[in-house]
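The chain below stands alone and is given in structure tokens; this is the form predicted on its own.
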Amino acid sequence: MILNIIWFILIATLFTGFFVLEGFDYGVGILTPFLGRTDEQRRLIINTIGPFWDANEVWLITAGGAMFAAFPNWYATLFSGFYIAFFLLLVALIVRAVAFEFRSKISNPRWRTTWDWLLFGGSVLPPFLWGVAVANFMSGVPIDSNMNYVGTFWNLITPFSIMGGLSLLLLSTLHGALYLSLRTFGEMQERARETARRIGVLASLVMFLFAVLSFYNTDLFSKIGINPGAVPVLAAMTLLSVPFFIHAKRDGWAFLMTTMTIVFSSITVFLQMFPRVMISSLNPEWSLTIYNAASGPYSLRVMTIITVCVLPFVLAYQAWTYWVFRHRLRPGGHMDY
């Protein structure tokens, strides 16, 4: 059964990496129409994530593939139950990708402004929908004894799930603003830093409310008691430290703190769910776990061997990409996205 735990940890790691890397991607897309006051400035903003955005989305594809291979019942129940939500997510991602590719094909200002706002819409919807999904993972959804989702799309929309969507949306926007402060100079850097300062207050407040609501809408309280443990506390501490680093103009440290906030928050969610992967709100005994939703031992063993051989090269390549494109950008003289 150790392989079941290993693959649960691997999938949790992939989703965490996706939220960290694609989080600032989404934030940059959200902020593009607001921080970029001229076409040149908006091109500069988009260029900061030009070499990374598509590779960052691979983390999501890999997580979905790992889920399909290691826990097929989890994959089947999740994608059938969240079908409409994931369809909307897919549409947003397609619009976002097309906006990156099409905005600079024509120099007409109206054409580029239209794609900038489509980029905004395609960047707002995914983190909100993922936040809604995560909140439903925590609180549970109607799953019957046959591992079938028996609710509707509207069962996923609750005050708790909406608060989860807003939390991830604001955290991603804050993450993106700090990323821009790391990748730009002068006026744009100051504008991104000031935006991060303002959004940070709102993000902290909304995430605090979401944490409070989680004690009433999930079994987190019954699992960990009054003492939340080190991981949730670290998530709160790293988020609360962000304004101090912004004030000190330590952009790298501020970005690291939002990164750790996402990491510790993700770990908290997966720890709360373990060993479950989808919680049934109808009957706890009907929840999907890493045992009843898993593939056979032979399949898990073969996939583990392949992953151990291939994963280091993938991680090394992406790390190399970030290293090559690590420098700050100035207007002009860069690839036009």
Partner chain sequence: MLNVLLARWQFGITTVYHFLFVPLTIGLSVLIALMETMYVRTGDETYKRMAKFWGKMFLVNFALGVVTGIMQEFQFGMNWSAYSRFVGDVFGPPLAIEALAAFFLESTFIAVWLFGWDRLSKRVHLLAIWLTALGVSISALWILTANAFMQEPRGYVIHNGRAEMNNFWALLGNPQLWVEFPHVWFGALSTGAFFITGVSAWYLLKKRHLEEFTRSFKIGILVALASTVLTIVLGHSQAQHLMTSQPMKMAASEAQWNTSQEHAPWSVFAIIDEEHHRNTYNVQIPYLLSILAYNHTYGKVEGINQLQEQYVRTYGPGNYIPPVWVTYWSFRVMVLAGLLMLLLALYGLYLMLKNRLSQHSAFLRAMIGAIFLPYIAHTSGWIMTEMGRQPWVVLGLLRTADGVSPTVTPPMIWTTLLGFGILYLVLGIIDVYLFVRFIRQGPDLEEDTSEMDAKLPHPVT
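Numbering follows the first chain given and starts at 1. Since the structure is predicted, the reported quantities are computational estimates derived from the model, not experimental observations.
Same protein, other form: the form predicted in complex with its partner chain, not shown, and the subject of what follows.
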{"property": "Candidate stretches 265-273, 279-287, 305-313, 25-33, one within 4.5 Å of its partner chain in the model of the complex by heavy atom", "result": "305-313"}
{"property": "Interface membership of residue 160, its partner chain in the model of the complex, 4.5 Å heavy atom rule", "result": "no"}
{"property": "Contact flag, residue 166 vs its partner chain in the model of the complex, heavy atom cut 4.5 Å", "result": "no"}
{"property": "Exercise: residue 104 in contact with its partner chain in the model of the complex, heavy atom 4.5 Å", "result": "yes"}
{"property": "Partner proximity in the model of the complex: residue 77 to its partner chain, non-hydrogen atom cutoff 4.5 Å", "result": "yes"}
{"property": "Contact assignment for its partner chain in the model of the complex, among 201, 260, 95, 209, heavy atom within 4.5 Å", "result": "95"}
{"property": "Output flag, 128, 247 and 253 jointly within 4.5 Å of its partner chain in the model of the complex, heavy atom basis", "result": "no"}
{"property": "Sequence-ordered residues of 314-331 touching its partner chain in the model of the complex, heavy atom within 4.5 Å", "result": "314, 317, 318, 320, 321, 324, 325, 327, 330, 331"}
